[in-house]
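Single chain ahead, written as structure tokens, the form predicted alone.
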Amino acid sequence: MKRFLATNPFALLLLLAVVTALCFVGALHTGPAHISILKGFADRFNDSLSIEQLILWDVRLPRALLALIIGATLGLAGAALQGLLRNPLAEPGIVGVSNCAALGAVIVFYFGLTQFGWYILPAGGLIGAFLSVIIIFILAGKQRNIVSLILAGIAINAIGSALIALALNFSPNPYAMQEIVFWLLGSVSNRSLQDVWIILPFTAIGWGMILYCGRLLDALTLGEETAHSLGFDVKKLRWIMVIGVASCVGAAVSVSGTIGFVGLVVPHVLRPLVGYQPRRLLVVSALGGAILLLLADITVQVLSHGGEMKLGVVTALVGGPFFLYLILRTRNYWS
């Protein structure tokens, strides 16, 4: 089966698309209240107010759409960063992109900058993510070894977390501590369709920029000099991809908070199924990320009673041990 999927790209994409659709439908059916999803859609289009319509359109649909979009964003960005840095441990959370995006969003929100326009909040997340990617890219250098990447990511994550706490500490908001938990652990609960429309343009632009540079990732597996000889403007395409990652991750995190490890786990699980081709891995990782986050959010709702578990906790419980396995494998503890 593994060999069949690796040699049949369309079959793999179709399988992942079907699983994604099933997970999305499952998310719409998950919640404390048992409702008819079909009735909720029908009542919406017939302008008939009902409990099914309110729960579906105000609670479950925005939540499922955000899990789908954010999961796809993190999976795609993780695959892009791993290919760009040629480093198997690169991902938006580990290298500090998610935390810095959350920092930008927190600063914008708590200092009242959202009054200047709806686009200011995702713009704050975008700027924070962009700055963190630039710093990581500079610190990684030409060799982009694992040690420098991880150390830089740890430092940037620590600084981002400290500044988030500092910004909220001086905020007059009495619920600052709850917001700290939200931004540090991540969640897609209590969101509306307006949040979906806010992040959709930025994520779509980011996805397009990353996919546009997909051929560069294949060329980089042969080295930068070879990529140059093949006619690629490596410097230009590299910046396009960096901006694309910052755009989609910054917008996603500005709504959900920090959700880690999705961009690390998904590309590693799916890479053998695409013949280790970075370009093919991009769309596959996007679908895989959507599946993972939809399943994680379903798990959160099923296991939570009273106070809801944060989504970032579930992804960390999955990603943490997987990250440890990767570190041990790179140090040849396991063959």
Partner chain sequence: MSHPVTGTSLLQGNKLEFFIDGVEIVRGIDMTLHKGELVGLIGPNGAGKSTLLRLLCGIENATQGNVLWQGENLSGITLEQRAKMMGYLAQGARAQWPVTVERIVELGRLPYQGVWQRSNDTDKAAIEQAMHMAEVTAYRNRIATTLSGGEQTLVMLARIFATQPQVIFADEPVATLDPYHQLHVMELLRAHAQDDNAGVVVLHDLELAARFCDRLYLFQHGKIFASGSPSDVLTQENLRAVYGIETRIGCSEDGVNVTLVRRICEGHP
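Residue numbers count along the first chain shown, from 1. Nothing here was measured: the structure is a model prediction, and the numbers come from that model.
Beyond the structure shown, there is the form predicted together with its partner chain, which is absent from this document and is the topic of what follows.
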In contact with its partner chain in the predicted complex (heavy atoms, 4.5 Å), from 42 to 50, 297 to 305, 278 to 286, 22 to 30, is stretch 278 to 286
With the partner absent here, would Val106, Gly112 and Thr258 each sit within 4.5 Å of its partner chain in the predicted complex, counting heavy atoms only?
-> no
Would you kindly say which of Trp197, Tyr212, Phe170, Phe116 lies with a heavy atom within 4.5 Å of its partner chain in the predicted complex?
-> Tyr212
Identify which of Ile156, Leu126, Leu220, Val242 has a heavy atom within 4.5 Å of its partner chain in the predicted complex; exactly one of them does.
-> Leu220
Taking the shortest heavy atom distance, is Gly160 within 4.5 Å of its partner chain in the predicted complex?
-> no
Is there any non-hydrogen atom of Arg271 lying within 4.5 Å of its partner chain in the predicted complex?
-> yes
Should Gln82 be counted as a contact of its partner chain in the predicted complex, where contact means heavy atoms within 4.5 Å?
-> yes
Interface membership of Ser189, its partner chain in the predicted complex, 4.5 Å heavy atom rule | no
Residues in 185 to 201 with any heavy atom within 4.5 Å of its partner chain in the predicted complex | none
